[in-house]
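The chain below stands alone and is given in structure tokens; this is the form predicted on its own.
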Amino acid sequence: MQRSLSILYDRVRWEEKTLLEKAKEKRINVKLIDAKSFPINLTNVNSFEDFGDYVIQRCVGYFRGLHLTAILEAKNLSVVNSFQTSLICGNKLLTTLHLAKANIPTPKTYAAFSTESALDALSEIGYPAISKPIIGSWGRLISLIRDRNGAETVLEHREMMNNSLLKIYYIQEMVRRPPRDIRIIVMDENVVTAIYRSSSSNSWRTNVALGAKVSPCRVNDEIRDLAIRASNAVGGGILAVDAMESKEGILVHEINSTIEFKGASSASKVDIAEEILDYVLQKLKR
């Protein structure tokens, strides 16, 4: 009997279209399900959408995808990535805790819960430093803080925002590195590919959404080892490990759970969509 899977989404991007096209090529029965299009009866397991044998959770909205994953797993459906992995990777503070516990090298990072303690953290780390929201993507609300005056301005703006998550201060050292970082696509312990993301001329950030350029990166032993250890630290799955080169070696600074791979596909000879589907098919055989 042919097994089936579904792709749960809230916005159809290049990645979802590519996954669907590749599934058709491989004659895999895939159903696209819009996460916004139906209610779910939490108390009646028999009143439920048909999601097939396996669910690839691809929601752009972190909280939407996270809570849908919790619901699906509670109803005994298999989801990639899992709730626990999604929870950790979607929160930079939790990611850093798990990386540190696994002795994976990361930039020096502090958490603070008031403007006063955030200023103390910045004094400990030294200027310049980076302030990030604990939840967010595409480089949004990330600030390069060059001095005490700049710190007070950024923190004052954060305090005025009506968002309690923005009052959890996540402060990281500004690592001296080339104007690029490394994105590593890993699926459990299989390192699929890696690329460099180089900053555009008018930005210090390396997000493709902000104009960063991509180029191939050779996967050496250090990169492979770090990616596998990082994957294991957060529970495995289909992940994008973001790392940067420093004088002390490669440091892991983020892990992404709902990966965007358009940029990586353009710089790599690897068919990432096919790798994702093959990964899920292997899960179905178990």
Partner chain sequence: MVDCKCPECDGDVDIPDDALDGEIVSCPDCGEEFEISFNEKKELSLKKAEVVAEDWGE
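All values derive from a computational prediction rather than experimental measurement. Positions refer to the first chain, counted from 1.
From this point on, the text means the form predicted together with the partner chain, which you will not see here.
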Looking at the partner chain in the model of the complex, is some heavy atom of each of R11, L20 and S137 within 4.5 Å of it? yes
Please tell me which of K26, K31, K36, R224 lies within 4.5 Å of the partner chain in the model of the complex, judged by heavy atoms. K36
Residue among N163, N190, Q84, S117 with a heavy atom within 4.5 Å of the partner chain in the model of the complex: N163
Residue contact check: T258 to the partner chain in the model of the complex, 4.5 Å heavy atom: yes
State yes or no: in the model of the complex, is some non-hydrogen atom of F51 no more than 4.5 angstroms from a non-hydrogen atom of the partner chain? no
Can you tell me if A70 lies within 4.5 angstroms of the partner chain in the model of the complex, counting non-hydrogen atoms only? no
Contact label in the model of the complex: I40 to the partner chain, heavy atom within 4.5 Å: no
Please name which of the stretches 53-61, 243-251, 229-237, 215-223 has residues with heavy atoms lying within 4.5 Å of the partner chain in the model of the complex. 53-61
